[in-house]
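Shown here is one chain on its own, the form predicted alone, set out as structure tokens.
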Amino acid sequence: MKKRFLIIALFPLIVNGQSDEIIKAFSESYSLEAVGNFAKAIQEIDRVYDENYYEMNLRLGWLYYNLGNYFESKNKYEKAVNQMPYAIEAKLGYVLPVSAMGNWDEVVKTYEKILEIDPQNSLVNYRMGAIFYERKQYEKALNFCEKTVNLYPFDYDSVILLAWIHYQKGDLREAGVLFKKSMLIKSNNASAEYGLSLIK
């Protein structure tokens, strides 16, 4: 009940704060981003910037990330996360500069916070599975990836990752079944063919 009240209470404040100048700045910013001019797209938002504005911090986080200024991107996304603690989009944005800076422990921590809010989030479960696979922590990777495959049984990336997790764990029968299943989704895929060649 408290969460619902927070969202309803904040929404009118956000909407009522949208002046024509701010809307125009966002519109110009999108046009400049579309042609790859991230620096000027940032300038458009900076003209009307208010650090208490969630949308501005979120937008600037994205633009600074694309500009390659990961420190400033992280800073803006962090503000957005603090302003809207239940917003998943801000947390997904935050991991972009953090991962680019190589801070994977912070990425995992952020994904864990997302899963506290949305345990069935398929994107985050898949990414957690991929991270732990790369770390060779296959049991942890399995737990996350199985959730994604249960939600999206015909998703190639999730199925092939789960196949390789089973292979690395020595579950060759399960791996073989999943490698073949992945070929139903994407025929003649090199990853599945290589995996099956290792099992034979």
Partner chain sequence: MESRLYKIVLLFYLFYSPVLLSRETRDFVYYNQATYDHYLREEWDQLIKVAHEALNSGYDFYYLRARLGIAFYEKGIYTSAIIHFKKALIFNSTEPAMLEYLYYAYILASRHPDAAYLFHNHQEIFGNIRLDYQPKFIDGLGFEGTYKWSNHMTEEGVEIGNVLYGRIGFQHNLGGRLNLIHFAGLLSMAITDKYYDENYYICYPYHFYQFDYYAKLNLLLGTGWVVSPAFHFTGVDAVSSHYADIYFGLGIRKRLGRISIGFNYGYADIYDKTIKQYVPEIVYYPLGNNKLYLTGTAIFSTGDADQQVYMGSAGVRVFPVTWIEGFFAGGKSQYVSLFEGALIYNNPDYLQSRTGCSLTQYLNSKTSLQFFYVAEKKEQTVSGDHYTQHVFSLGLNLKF
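These numbers come from a predicted model, not from an experiment. Numbering follows the first chain given and starts at 1.
Keep in mind that the form predicted in complex with its partner chain is missing from the display, and what follows is about it.
Distance check, Pro153 to its partner chain in the predicted complex, heavy atom within 4.5 Å
The answer is no: Pro153 has no heavy atom within 4.5 Å of its partner chain.
Can Gln137 be called a contact residue for its partner chain in the predicted complex at 4.5 Å between heavy atoms?
Yes - in the predicted complex, heavy atoms of Gln137 and its partner chain come within 4.5 Å of each other.
Classify Asn103 as contacting or not contacting its partner chain in the predicted complex by the rule of any non-hydrogen atom within 4.5 angstroms, answering yes or no.
Because a heavy atom of Asn103 falls inside 4.5 Å of its partner chain in the predicted complex, the answer is yes.
If we define contact as a non-hydrogen atom of the residue within 4.5 angstroms of the partner, is Tyr70 a contact of its partner chain in the predicted complex?
Yes.
Choose one stretch from 170 to 178, 29 to 37, 128 to 136, 43 to 51: the one whose residues place a heavy atom within 4.5 angstroms of its partner chain in the predicted complex.
Of the options given, it is 128 to 136.
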